[in-house]
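The chain below stands alone and is given in structure tokens; this is the form predicted on its own.
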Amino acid sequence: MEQSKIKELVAQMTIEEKASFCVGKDFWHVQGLERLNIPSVMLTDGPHGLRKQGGSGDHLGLGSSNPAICFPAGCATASSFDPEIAELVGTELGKLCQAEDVSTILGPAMNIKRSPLCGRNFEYLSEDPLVSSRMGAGEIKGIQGQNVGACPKHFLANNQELYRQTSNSVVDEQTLREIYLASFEGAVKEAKPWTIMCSYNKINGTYASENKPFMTDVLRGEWDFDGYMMTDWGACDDPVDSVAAGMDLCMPGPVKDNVRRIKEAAENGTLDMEKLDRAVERVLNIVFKYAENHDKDATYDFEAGHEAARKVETESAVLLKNEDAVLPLKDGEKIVYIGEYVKNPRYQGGGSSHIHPYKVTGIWDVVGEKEGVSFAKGYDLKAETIEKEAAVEAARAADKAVIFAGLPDSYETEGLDRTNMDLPAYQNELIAAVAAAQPNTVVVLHNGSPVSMPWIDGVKGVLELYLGGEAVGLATADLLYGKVNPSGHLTETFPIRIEDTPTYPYYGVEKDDVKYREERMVGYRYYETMKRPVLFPFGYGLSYTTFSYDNLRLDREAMTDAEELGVSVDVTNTGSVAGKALVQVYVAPCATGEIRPLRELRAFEKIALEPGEKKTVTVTLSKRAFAEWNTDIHDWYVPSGTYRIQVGTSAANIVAEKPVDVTSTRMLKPKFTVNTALGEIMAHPVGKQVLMQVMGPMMGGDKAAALGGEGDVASDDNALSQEAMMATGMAMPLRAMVSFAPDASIEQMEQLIAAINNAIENA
């Protein structure tokens, strides 16, 4: 509907009717108004399936919902490192929304995986904002390609379940911009979501639902978001403050008190009527965007959806270990499948994303009739016990043992964080016992986030399925038997121990002010910079074939930050079977004296290659690939210097790199004082020039030479070395130079600082 007509409708509403449109009609519906022919449309949970509930609703997955396709969870889908796979998920979700008359699905979930203990990590995409934003954009495009709204969530800095509705995320500006906002930024700019959901928590003291700097200034002002903002269910603290800050819809409804408060504030002038009208207009824009494009005759092909879920999981599972090519399995081998998950797979997490699946296909449904295949239960999830002897005997009699292990439902769910990274002790005991009896043991994992693996050296194979959706058995059989070559890669680091993580020991302890002490050092940024060993690094993933990465080349050796850099590398399948290679392009920063991550992922591309085939992959790096957020200018800034472009098979394994000199087109204009260290002034080209012009004649001789970094001021064995002299001088505040220049005064130093600042300002 045209904007002018939307405004006409709003102009015909009473203040109370306007207020009601800023509050849900009920648990799942947006308000409608029959007298103005405004329909009431439905929202419902995602993000990896449609959770449409009939009757009264809930937000914790407790009530029943209509049958739907349960796709692999975000933890799995993101591991495909393929935005087209995410788009496939979104397309299927959008089709089912049309068939079920749902206007907006609540997803994708795009919060950064700050700690492996977050109970909701299985829904989230990555510890890296580039992966999160690109994969999230893919899903949004797929959903909205079906004329259904997507709702990326939970905006912003919502990274724990402990006291999630009241905790205050204390995060510095640079970290917010480079990590937590960046996760949403690319998706918003590229995919243009119809709606966005705010989180429960406060950010630096202000609830997300009332946070104007992020909702209005950043989302709308900088990123051009033109949809409507909604709260998470129950996240509205003050409805008047929320609407004033840029929130458009407080969910769920009906909350008569919220309507009353908004109405009274608009009537008495506490809430600007223009802001209320604007909120209603935003909601109506999306309501009619769906209503006018709803296909009332739409149906959904559930069998096709089940096959789509299978395809997504085959592209997403990560092969973590394959010693002596224990995989793929071969028909005719005596294989014992061990574990309760063989017949009853864990394929999704708990909470608001819990889907009522169309059907579930486990691995036993696929391989149970194969010749030479047997089953041993091994453990009982409910009783938390093992049947070790029978499993060990079955393993000893087989050619290979495949143990299906993982985290039970109760270990990871919305509303509850994990307390450790361990599998249940009985499962670890069983794996160790079977591996001791059968050297060809493979572990297949069902889990939504990293787990420790005390048995890793005793098994030959590990296949990480994550939470693989309702067709997980079909996909697993395809992968285990080599019908599909694994090509997933980890979008998060698997630490060895929880004590090794950047948020230890305060994650899960702080419930009021949650301080992000690690700042930008999240995930691999921390592990690589601190050179901390890990179990499996970010970006890691094996294949049944091998690849080489050769002839890395840059289209220029030097550039300004206003230019783009073309990066090309040749990738060859050097093995005997077809497979997919992931090209990961990292940028290592120049030396600036600031603490920056050792390297950061700036581009990635996944390609298919036949045996012996070679392809050239080319990516383009823009200013943002080199930039960091500068808190003095409150903008992106590229320090001048030599950067290294790196191609890796993971964040820990760089196979090729080349330098490029980057010159900033923007000169920072710091304000120096007499207490500024000489080194800081000398590091600025204009500051150094003015300082040397004035201080050289004033000091003269060797002292001036030392200040400029020239000459040898060490005269005897007891003298400071030139290096030590330079270091001492550069750390000295300008005011201290009065002590070394007898004719100088503090007034002269103040005049010098004024001259330096003036020269910088006019440069």
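Just count from 1 along the sequence shown to find any residue number. What you see is a predicted model, and the numbers here were worked out from it, not measured in a lab.
Keep in mind that the form predicted together with ligand BGC is not shown, yet the notes after this line are about it.
Peer 1: With the partner removed from view, which of 66-74, 30-38, 43-51, 727-735 is the stretch that lies within 4.5 Å of ligand BGC in the model of the complex, judged by heavy atom distances?
Peer 2: That would be stretch 43-51.
Peer 1: Classify residue 233 as contacting or not contacting ligand BGC in the model of the complex by the rule of any non-hydrogen atom within 4.5 angstroms, answering yes or no.
Peer 2: Yes, contact at 4.5 Å.
Peer 1: Does ligand BGC come within 4.5 Å of any heavy atom of residue 201 in the model of the complex?
Peer 2: Looking in the model of the complex, residue contacts with ligand BGC do not include residue 201, since no heavy atom lies within 4.5 Å.
Peer 1: Would residue 120 show up as a contact with ligand BGC in the model of the complex if we use heavy atoms at 4.5 Å?
Peer 2: Contact check for residue 120: yes, within 4.5 Å of ligand BGC in the model of the complex.
Peer 1: Using 4.5 Å between non-hydrogen atoms, is residue 98 touching ligand BGC in the model of the complex?
Peer 2: It does not: once ligand BGC is placed as it appears in the model of the complex, residue 98 has no heavy atom within 4.5 Å of it.
Peer 1: Which one of 352, 160, 501, 413 is close to ligand BGC in the model of the complex, taking close to mean a heavy atom within 4.5 Å?
Peer 2: The residue from 352, 160, 501, 413 that makes the contact is 352.
Peer 1: Looking at 569, 219, 691, 197, which has any heavy atom no more than 4.5 Å from ligand BGC in the model of the complex?
Peer 2: Looking at 569, 219, 691, 197 one by one, just 197 meets the 4.5 Å heavy-atom criterion.
Peer 1: Are there residues in 154-190 with a heavy atom within 4.5 Å of ligand BGC in the model of the complex, and which are they, in order?
Peer 2: 154, 164 sit within 4.5 Å of the partner.
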